[in-house]
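Quick setup: one chain, the form predicted on its own, written in structure tokens, and binding and motion questions come after.
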């Protein structure tokens, strides 16, 4: 298949090679072409606009930061909607406001085109390992058509239901993930202040019933000297998703008190100048509040 991929940030850098390895032809676009250098060496083709990428593709993917960015590349004058063929499918993998996603999809529907919301759960590490999972919302027949392509990214692809429900679930999933990791940091800080060496506490917890995939790859980052600028998802990015969850809870009348508390810890990270780190930097907040470091 001919695949267009728009947004060649960290996740795009991990996903596109999987399409190429599966034998698909990939054409990429990014606001800055420099991001495409490594992928072009792998055999990815280049498009000068989202419209051009869509025109050359059977299936088009995008993964960018927020709804405004999706709207721009999807509906702009030189956007996907201007080049997508009637028999092609557009899938947005971004984690954005569900209502915003539905509004963009409605514009495609008016043009007789198909857009699916297809957020990905995982990091660059899990994508590279072939362990990422995808959730898809929208037209079921279109989902069935693109399923073989999605399986090139990861083995777990789930059809969630109507338009926007997949990204709605992704927002809920990301909120749960942040709460889980922050709860882990809180527990380790409590153990360390009580006299348990940090590395011992982390090792024991990862061997206990609370262990999970996300803790296994993120927990080591809280060990002394392991928290660097290299991240799976920095504080700002994770807080963007938490704010989506809080707003979704407000709109639907669903209380999310743990999400609100976790979001405050992310704000504390930013206040301490830790926003560029992976969000497990919240552990440093607990250490400082507990009098374990300056």
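Positions refer to the first chain, counted from 1. Because the structure is a prediction, the values reported are computed rather than measured.
Heads up, the form predicted in complex with a small molecule isn't pictured, but that's what we're talking about next.
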> Of these, 158-166, 185-193, 87-95, 211-219, which stretch puts a heavy atom within 4.5 angstroms of the small molecule in the predicted bound form?
Replying inline: 87-95
>> So the small molecule isn't shown here. In the predicted bound form, which residue out of 72, 133, 129, 176 has a non-hydrogen atom within 4.5 Å of it?
In response: 72
>> Would you classify residue 29 as touching the small molecule in the predicted bound form, given a 4.5 Å non-hydrogen atom cut-off?
In response: yes
>> If we define contact as a non-hydrogen atom of the residue within 4.5 angstroms of the partner, is residue 237 a contact of the small molecule in the predicted bound form?
In response: yes
> Counting only non-hydrogen atoms and a 4.5 angstroms cut-off, does residue 55 reach the small molecule in the predicted bound form?
Replying inline: no
> Wondering, does residue 3 line up within 4.5 Å of the small molecule in the predicted bound form on heavy atoms?
Replying inline: no
>> For the three residues 49, 77 and 83, which mark the spot I'm curious about, does each lie within 4.5 Å of the small molecule in the predicted bound form through at least one heavy atom?
In response: no
